Ligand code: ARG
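Here's a solo chain for you in structure tokens, the form predicted alone.
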Amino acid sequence: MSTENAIKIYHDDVKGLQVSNISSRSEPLKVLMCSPTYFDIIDVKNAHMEGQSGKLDKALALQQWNDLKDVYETLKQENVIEEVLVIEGVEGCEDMVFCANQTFPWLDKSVVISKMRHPSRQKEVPYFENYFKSLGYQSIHLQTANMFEGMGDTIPHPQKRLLYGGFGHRSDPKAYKEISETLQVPIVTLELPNPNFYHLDTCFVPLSTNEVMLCKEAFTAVGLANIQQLFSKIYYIPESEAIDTFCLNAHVINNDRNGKKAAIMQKGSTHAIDALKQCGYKIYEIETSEYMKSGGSVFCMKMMFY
């Protein structure tokens, strides 16, 4: 019996979970971005936003967003990804540009709809649900969890039907039991005690079926031990580098159809770049300073979907 046929949420003990027994999947190669027309910093939703209200350079933010989109267009031309799509931002939804959070698209045209912690961000969700409906996706609404923030906290194991679910700041661990049962996929839950790493996508970057880079200070001892059980090679990124450069909010793309690999990340890291080079990634460094003021960088600014 394959592991996913006996669905289970793994937390305190993953000894029964073997990645080699998990069935394979293809990676999504379509990119969705949200225009930053109404992007702003007007309150504090995470530790990185402290003292940043009113300090956003909107013209620079637009330039940085366009620079990121240009990289994705280049990757499309080079057959690393398939499509680059844009949903328009909405007035009154100042954080909508961070489009990794409102949904979690999965295989077979299904999409889990987020339950955002902050009321101002809850307003964003219907626009993304309607967008995915227009593409033929079936919406899944959680019934038991109070909070769930999409791919910001739910990261797939590369090329496997296995998920990692962060919880503690923006997502409720109860969400993962329901998602596991609904999608028929095992989930390894990872508690995030450090406020600097409020989403899993700020501290955890799977690079291949065997390799991952992360900041160990972002996890509990139990969570770290479980990750060590499931990856044979771990690249440990210093906490200072992870915070200062948001390097663990990089977007790594591994096209399993043609073997092409690319990584897009904020400028300035050293350990993370070394890890990506060792794993064969072509690296694109860009500037995301205005988005970092709001607690996000490249990974937060896109959604990959099928």
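All residue numbers refer to positions in the sequence shown, first residue = 1. Given the structure is predicted, the values throughout are model-derived calculations rather than measurements.
This next part talks about the form predicted in complex with this ligand, which is not shown.
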Is there any non-hydrogen atom of K45 lying within 4.5 Å of this ligand in the predicted complex?
-> yes
Even though this ligand is not shown here, does G165 get within 4.5 Å of it in the predicted complex, heavy atoms only?
-> no
Do M303 and this ligand come within 4.5 Å of each other in the predicted complex, heavy atoms counted?
-> no
Does this ligand get within 4.5 angstroms of any non-hydrogen atom of F104 in the predicted complex?
-> no
Picking from 183-191, 132-140, 217-225, 92-100, which part of the chain touches this ligand in the predicted complex when contact means heavy atoms within 4.5 Å?
-> 92-100
Decide if the three candidate residues G152, R170 and S294 all line this ligand in the predicted complex, where lining means a heavy atom within 4.5 Å.
-> yes
Of M49, L56, L62, M33, the one that lies within 4.5 Å of this ligand in the predicted complex (heavy atoms) | M49
